[in-house]
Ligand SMILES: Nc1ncnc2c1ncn2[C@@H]1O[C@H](COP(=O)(O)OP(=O)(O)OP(=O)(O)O)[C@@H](O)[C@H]1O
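A single chain comes next, written as structure tokens; it is the form predicted alone.
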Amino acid sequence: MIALESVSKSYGDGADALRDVTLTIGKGEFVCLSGPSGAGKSTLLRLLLREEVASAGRVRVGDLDLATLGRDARQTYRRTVGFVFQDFRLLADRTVFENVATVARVMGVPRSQQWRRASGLLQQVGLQHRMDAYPLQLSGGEQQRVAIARALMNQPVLLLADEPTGNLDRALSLEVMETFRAINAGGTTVLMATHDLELIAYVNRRVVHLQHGQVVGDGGRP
């Protein structure tokens, strides 16, 4: 489903965030990206979301070459991808419910289905009682759970997560992993970046190790 072919990403300061990365991820896999801060994990996810374009090489998802997508095609593609950002990216002037339901609203989903789906996801992440609150009224952990619910709203075929449990305690982190595993069991491909080795061991799926922008290990399960 995902194929990176000799992908490099450089920035204006000359730093290489990724260097000659070749990686294939099959449809329906759950893959953990591990590595220290600055290893290139977030950059790889941004390339797959098509927020950025590779400096060299090719990034493909399904039949799509992401570098060649025009504006409309990018928007269509992103509707098939869920992304849990490290910095949440919630809308401060919208309630918790509105933040989650906005994805479906943009896609033209009927209001009754928006309510049912958003309410169910907020219950799944333990925030149904805060649906009328605003992001700044929530703790960091609560904001992150809203972001997870929002990422699942469009029932994505690909779910990308960048340190999705960074602000959660251990018990909630494991609950989030169970949610991700349930989504994966339904056929969604999941690619999660984390430096949490205990969480990686708990997930017990394929692990791709990055260091200094390069793949230094792709050895299956930990």
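All residue numbers are counted from 1 along the displayed sequence. Small disclaimer: the values here were computed from a predicted structure and weren't measured.
This protein has a second form, the form predicted together with the named molecule, left out of what is shown; the following refers to that one.
Scanning 38, 187, 166, 26 against the named molecule in the predicted complex with a 4.5 Å heavy atom cut-off leaves one residue, 38.
When the named molecule is considered in the predicted complex, only one residue from 143, 95, 124, 86 comes within 4.5 Å through any heavy atom, namely 86. Within 4.5 Å of the named molecule in the predicted complex, a heavy atom is found for every one of 13, 17 and 195. Contact with the named molecule, judged by heavy atoms within 4.5 Å in the predicted complex, is confined among 62 to 70, 169 to 177, 42 to 50, 151 to 159 to 42 to 50.
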